[in-house]
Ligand code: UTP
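The form predicted on its own is given below as one chain in structure tokens.
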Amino acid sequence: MSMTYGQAKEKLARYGQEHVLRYYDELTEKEKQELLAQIENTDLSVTAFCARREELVRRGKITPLKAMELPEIQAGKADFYRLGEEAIRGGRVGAVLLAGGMGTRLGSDEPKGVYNIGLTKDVFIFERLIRNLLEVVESTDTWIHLFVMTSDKNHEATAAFLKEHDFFGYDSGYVHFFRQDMAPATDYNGKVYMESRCRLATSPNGNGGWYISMKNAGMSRIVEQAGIEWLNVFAVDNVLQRIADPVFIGAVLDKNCDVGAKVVRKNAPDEKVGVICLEDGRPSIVEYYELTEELMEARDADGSPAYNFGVILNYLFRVSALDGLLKKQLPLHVVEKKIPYMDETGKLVKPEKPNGCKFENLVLDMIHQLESCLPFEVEREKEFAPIKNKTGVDSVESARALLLQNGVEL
């Protein structure tokens, strides 16, 4: 049963957003239903934080967090693999693909995962990721539940594409789609922008919103029924990453940490990757733009750079720890953005400079709320080929070169 007009009016009044229903009487029945559903599904409580955006960004004391490096991983590899394989075979591991993004920066108006990186044949981003996961499925002889997070903008296109390609050989009974929750986009006074007469301006609730979105979409029922205790969450844009990697899983289990984070050794002190660290004694991530000269130059006891490992958005979370997070309020990040909106005359305006706020939860805050984290080093040439741009650094070009270097036919 969806929200009624009266309930919508009441919810909007609670947050001072009554203007959202201004054109309600002029809408068609279908548009009315769509608007009411959007009001119901949008978290308006975040709009109050717009005025407090300065105080939300304070950081604590940053100190180094030691990573498990390649020699140590190599030495324990057989034991870690056995532990990880056991967890996978016992159905205790699931995978979560964050696939809500569009291929805009690649010059495409389709979901990022459907982008074709092939040279002599079709090779899609989704295909590469599923093939990487299938390697583990085949070596452990066990299907792994794969949860695919989409967004309002790309849900239908993503589901249709994967079905059309028969999930690239993956058992469709183990693939579950869910949409990321949306947060409103507002002006600097916290008033929600309208995209059209029947649509609020919204954006996804940040990469830290994946678990609450999963929960709200009813996915936790599958997690509970399947007995999944660990979720490997990973981003859509890294076509070389290993997913549900038994060695990584085993190492996290062996060290009894709440979360494991795959990391790569930075290729330059100012490389644009978030750096794993401790903040006020708890695991955390410092974004590259927050790294001071002092942190970049800091050295540990053996003279190596102290903040030398960048995260690649491939994490293994303990489900019970995630459930504990839902009882707390994750910090909110208020980000200034260019937000297209409908003006007084009903015309859509695309601003040239930031004109308001978007609200996000970030994975780094999830990690900071947990007690323990294992940074786990991987070889960047073998596991890090992010596709963020069409050309240049972290691009389609650089990813192709790395795939070919790793023997993948394009």
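Quick caveat, the model's predicted, so the values are computed rather than measured. Note that residue numbering follows the sequence shown and begins at 1. In this text, the rigid core denotes the largest set of C-alpha atoms whose superposition between the two forms falls within 1.5 Å.
Another form exists, predicted in complex with the ligand; not displayed. Remarks below refer to it.
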Practice item. Could you tell me if all three of 21, 32 and 194 have a heavy atom no more than 4.5 Å from the ligand in the model of the complex? Key: no
Exercise for review: May I ask you to state whether residue 186 is within 4.5 Å of the ligand in the model of the complex, using heavy atom distances?
Suggested key: no
Check your understanding: Taking heavy atoms and a 4.5 Å cut-off, does residue 11 contact the ligand in the model of the complex?
Key -> no
Review point. Should residue 252 be counted as a contact of the ligand in the model of the complex, where contact means heavy atoms within 4.5 Å?
Key: no
Practice item. Look up in the model of the complex whether residue 246 has a non-hydrogen atom within 4.5 angstroms of the ligand, and give yes or no. Key: no
Review point. Where, among 323 to 331, 76 to 84, 94 to 102, 293 to 301, do residues come within 4.5 Å of the ligand in the model of the complex by heavy atom distance?
Key: 94 to 102
Check your understanding: Exactly one of 236, 231, 259, 275 has a non-hydrogen atom within 4.5 Å of the ligand in the model of the complex; which residue is it?
Key -> 236
Check your understanding: Tell me, which of 205, 158, 284, 308 has a heavy atom within 4.5 angstroms of the ligand in the model of the complex?
Key -> 205
Point to revise | Stretch 376 to 396 - residues with a heavy atom within 4.5 Å of the ligand in the model of the complex | key: 388
Exercise for review: Superpose on the rigid core, then tell me if the C-alpha of residue 208 is displaced by 2 angstroms or more between the shown form and the other one.
Suggested key: no
Practice item. Would you tell me if residue 267 moves between the shown form and the other one by 2 Å or more at its C-alpha, with the rigid core held superposed? Key: no
Review point. Does superposing the core leave residue 292 with a CA shift of 2 Å or more between the shown form and the other one?
Key: no
